[in-house]
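One chain is shown next in structure tokens, namely the form predicted alone.
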Amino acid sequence: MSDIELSDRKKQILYQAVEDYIENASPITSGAMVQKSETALSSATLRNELNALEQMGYLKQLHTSGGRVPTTKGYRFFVNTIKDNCRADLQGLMKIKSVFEQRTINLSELIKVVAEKISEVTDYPTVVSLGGIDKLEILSIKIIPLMTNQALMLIQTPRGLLNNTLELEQSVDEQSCIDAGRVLSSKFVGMSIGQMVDSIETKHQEILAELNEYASFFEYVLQSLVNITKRYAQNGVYSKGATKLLKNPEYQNVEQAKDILKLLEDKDELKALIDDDSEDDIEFTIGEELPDERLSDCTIAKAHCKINGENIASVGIIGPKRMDYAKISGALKFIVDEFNKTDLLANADDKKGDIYD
């Protein structure tokens, strides 16, 4: 039986049952529901309806004589029902908004702080994965001299600036840095980051043949290009608040929770869980819908964020199936909207002097 085939009364009872369980973590009983029900249904009628919902697979009994809890199917019904009924923690969300208002131009730093703030607001472990670095188009490359024996390389892309500090054997003057940036731009602008990496060795030889006097400098410069791409690829997943799971009754037994906590430490596994090609801005994957059996009692809420119209990051919130779906949905919708309004290139133009690694 599909959700559409549920009677209005069954839908109302199921919705209330799941909502009560999310709030109280107490098994659902007809007696408890009678006290809270907005309808005039008797305990016997509610008991019959709960029995029917159990037979349909929306609820299950943990013990023969005990109350019921929602199944994955029950939670899925609830999530589909509250899609347009998000609830927001306005005070907490303002903390997230302030991150964007700082006009941070270091992309990895922005992602890291967003992960931390979302975890604070939702009180669940949060993962943010920076995606698609290898597909970013190179718009320009600049090199800026810093203190003695250091320079800063900036790669401008449609999603903002990627940067890396060069450690040199000797200092270089400003004009040499400008010239080096022009040479690199002439070789790589229009390519994707991935194409640049694949062609660096060939371009290396071209540059050395054309500019022998800069040979030693360009050795550092080209290695810096490789370092930038490696750093952003390796550090593109940030997770915060893993131990927040232990606040929930489902995970108070550390032995039971250790597999999930271990998973939350594995960046490759986390990235695989929250990165996908979904067209939905926000989605929930519940229990048995998840590919990893260790997460059969969990829900992962995901948001796919864009900057300047391009996918920039995936945000994942991991919690029990009993998570506060309305609150999580509200927080993720807020994040998606903030990313959509962000223009990192404008930020870069306004605050070039404030770039940091």
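Bear in mind the structure is a predicted one, so any value in this text is a computation, not a measurement. Throughout, we count residues from 1 along the sequence that is shown.
Same protein, other form: the form predicted together with the DNA, not shown, and the subject of what follows.
*Asks:* Which of 28, 315, 323, 312 has a heavy atom within 4.5 Å of the DNA in the predicted complex?
*Replies:* Spelling it out, the residue with a heavy atom inside the cut-off is 28.
*Asks:* Please determine, with the chain shown alone, which of 297-305, 323-331, 40-48, 284-292 has non-hydrogen atoms within 4.5 Å of the DNA in the predicted complex.
*Replies:* The contacting stretch is 40-48.
*Asks:* In the predicted complex, does residue 9 have a heavy atom within 4.5 Å of the DNA?
*Replies:* Within the cut-off, so yes.
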